[in-house]
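The chain below stands alone, shown as structure tokens; this is the form predicted alone.
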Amino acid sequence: MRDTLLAALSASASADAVSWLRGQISELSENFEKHPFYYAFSGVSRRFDKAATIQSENETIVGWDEFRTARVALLLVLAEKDKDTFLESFSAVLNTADIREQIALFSALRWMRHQEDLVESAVDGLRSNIVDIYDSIALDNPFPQEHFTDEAWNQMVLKAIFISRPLHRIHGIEARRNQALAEAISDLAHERWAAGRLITPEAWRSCIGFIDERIAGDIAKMAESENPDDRAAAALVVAEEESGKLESRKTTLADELSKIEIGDLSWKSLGQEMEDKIIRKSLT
């Protein structure tokens, strides 16, 4: 992975900055010391462009800026060290990290060793009010799916709904479905409807397989909605639900179900559409 990161930086950053980073990686790999590592991690901000987005064919780093990319490359050196050195250094950097440094640390979780010892830090990070920090943990990152308890997972997904983050970019959004989350989503939907507000249609994806009488009523409400996104989500639930509790909705959603059958509608396409709407709204 380090070669991928360095190649992406070489196509974007200055030659001097990349040369400096390669030198730091080489020196730390051969003779690791904590303080030089801390200085290098912090020193990225003096050599790379925080506004420059790297270009890469590797989907896991698409959209990263130079700061995050360079720091994760350094963290891959730290990941090679013994457990005590690794955990002490990772914790020390995290405790003093600014926003961009935290983003790099959490983005690197998927490639770190001793991941079971980093779960608490990730859960704490999700409490941040900084959306970019939340995104570095929750979006496009397999770490929560692999290590979070159901309670921590559910809190992460519910917060994503609260702060309008794209659920389709959460790894394991289907595999980690559970009864408690389905019930919490239904409760949240009823609260929002009572206040005249909407809930993201993507939320219902986590209810499939846990359709009780109340949630079946929620899906019926979505199916009758004038909002095409709500109807699309209802149809996607109906198409996947195997309990038979939503059979009566198939007639109402015939058009949407046809789109699903021919591949014109999926959770991914709906999620991307919702994400695009959030981006457009933020620009107005």
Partner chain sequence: MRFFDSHVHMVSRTTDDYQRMAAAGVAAIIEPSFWQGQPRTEVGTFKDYFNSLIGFERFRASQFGIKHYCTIGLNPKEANNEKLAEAVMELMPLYICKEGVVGIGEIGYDDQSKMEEKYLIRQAEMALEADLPIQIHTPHRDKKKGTNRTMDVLVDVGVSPDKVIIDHNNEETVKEVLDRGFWAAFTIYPHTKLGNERMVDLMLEYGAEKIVVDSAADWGISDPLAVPKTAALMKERGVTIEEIEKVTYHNPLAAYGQSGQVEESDWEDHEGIDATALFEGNTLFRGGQDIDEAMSQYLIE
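Residue numbers count along the first chain shown, from 1. Here the structure is a predicted model, which is why all the values come from computation and not from measurement.
Although it is not shown, the form predicted together with the partner chain is what the next lines describe.
The contact with the partner chain in the predicted complex, taken as any heavy atom within 4.5 Å, belongs to 130 out of 130, 188, 180, 198. Using a 4.5 Å cut-off to the partner chain in the predicted complex, not one of 212, 221 and 250 places a heavy atom inside that distance. Although the partner is absent here, residue 100 is a contact residue: one of its heavy atoms lies within 4.5 angstroms of the partner chain in the predicted complex. Looking at residue 67, you'd find a heavy atom of it within 4.5 angstroms of the partner chain in the predicted complex. Contact annotation: residue 26 falls outside 4.5 Å of the partner chain in the predicted complex, judged by heavy atom distances. In the predicted complex, none of the heavy atoms of residue 203 sits within 4.5 Å of a heavy atom of the partner chain. The stretch in contact with the partner chain in the predicted complex, judged by heavy atoms within 4.5 Å, is 40-48, chosen from 238-246, 251-259, 55-63, 40-48.
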